[in-house]
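What follows is one chain in structure tokens, specifically the form predicted alone.
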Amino acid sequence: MRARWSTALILVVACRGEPSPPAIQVPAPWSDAWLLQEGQRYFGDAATRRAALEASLTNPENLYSRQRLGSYALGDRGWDLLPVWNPRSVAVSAALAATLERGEEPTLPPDQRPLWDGVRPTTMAGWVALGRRVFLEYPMRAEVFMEYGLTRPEFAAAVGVERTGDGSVPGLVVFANIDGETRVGITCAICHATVKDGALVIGAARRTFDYGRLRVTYDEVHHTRVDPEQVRRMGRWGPGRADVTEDDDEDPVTIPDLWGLRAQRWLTQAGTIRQDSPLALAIRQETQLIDSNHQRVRPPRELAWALAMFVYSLTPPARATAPENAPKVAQGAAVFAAHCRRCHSNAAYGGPPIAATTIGTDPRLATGGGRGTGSYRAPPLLAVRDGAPYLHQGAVSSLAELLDPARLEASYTAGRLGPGPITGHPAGTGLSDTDREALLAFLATL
């Protein structure tokens, strides 16, 4: 008996004397630490990326999904076998733009190094800094239409090829193409950055960019044989819209802002991509760069990841509320909570997809073969005051018009895309004048 008690006492003393193992710290989802941890999964193996791709595709049967399922993360075939391209490129400065305006051939400094030095960042700040360079300098493809536009500065300005206060042209680069030629190319910034008071605002949609008019004009001047139906369609896009889907349907969409994507769980207007992990956005960036470059090369995955981390870092310019307007803003916040928050429910005031039949707006994108899911996601409302035109296809000119019940009537003639009712999204159209005014005041603060 004494021996058993001695053994028990020794065990108790030993247990009390042993320090507890340190608790494993699990990063909170969507924190910087968690994103860095997820990055290691993305850089891991093709099976991990393949599983992430499959989990991210809301409708695996649309063309967007089928193309990626047939080409991405297959290991021994498909896009994994494309050469990795780390380009030499330089942003178009005022001096370089002046050279191109004179019709001279684009040139690169002979000592221009590749965009990435091959060193993988270890901190979020490092990834964001690299991603900023990718956003501004990685060529999505060579763009002969831009080369033409730069020789005609007034025309280029008219179609939204903007310049900053120092004369540089954001969204355009001169780069060494994979075939050895030096060309003018476009980057993410051509659509998702704009110039305000001479300064570049990265993340804001370039609503002046009229890519359709640029293309049509180039083809007319050069007597290019183009399908008349394609010419008609591009001519109808107008500033800030383009048809980028993979099908033959006519469903142009507005260029979106990039605010609040870290809080969004569905990406693209039709919610084509479910974002349960940052791998979804990184794969989106990687495959977009592959596809836009005609599937000839793929970017280093470090650059796709860096681009995703940079996009997550984007926030709209801060807004201030005048003290005398505070009561109306507070009333508008209550109206928003009662009438809008159910759909616009996340930190970016966006939310999950809603069936196109429920929201009632033009269904062509939601039901189309390119990226259709049968739904439209509730878009983020950060900086929504500056986000016109509204609805996925840009049919509504202002927030006041969006909340105006008159636009739903058959006799409506003031729509920016032509006469007739602007159907769908009836939320807010039944408010009293007082509540509508208060809601507009609140939305202007986001």
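Keep in mind that this is a model prediction, so the values were computed, not measured. Note that residue numbering begins at 1 and tracks the sequence as displayed.
Same protein, other form: the form predicted together with ligand HEC, not shown, and the subject of what follows.
With the partner removed from view, the residue among F175, F135, W127, Y72 that has a non-hydrogen atom within 4.5 Å of ligand HEC in the model of the complex turns out to be F135. Note on the partner interface in the model of the complex: the residue among R215, H192, R262, R183 having a heavy atom within 4.5 angstroms of ligand HEC is H192. Ligand HEC in the model of the complex comes within 4.5 Å of no heavy atom belonging to A441. Although the partner is absent here, L307 lies within 4.5 Å of ligand HEC in the model of the complex, judged by heavy atoms. Contact between G39 and ligand HEC in the model of the complex is not found at the 4.5 Å heavy atom cutoff. Contact between G167 and ligand HEC in the model of the complex is not found at the 4.5 Å heavy atom cutoff. From the list 147-155, 335-343, 81-89, 195-203, the contact stretch for ligand HEC in the model of the complex under a 4.5 Å heavy atom rule is 335-343. Taking a 4.5 Å heavy atom cutoff to ligand HEC in the model of the complex, the contacting residues in 427-442 are A427, G428, L439.
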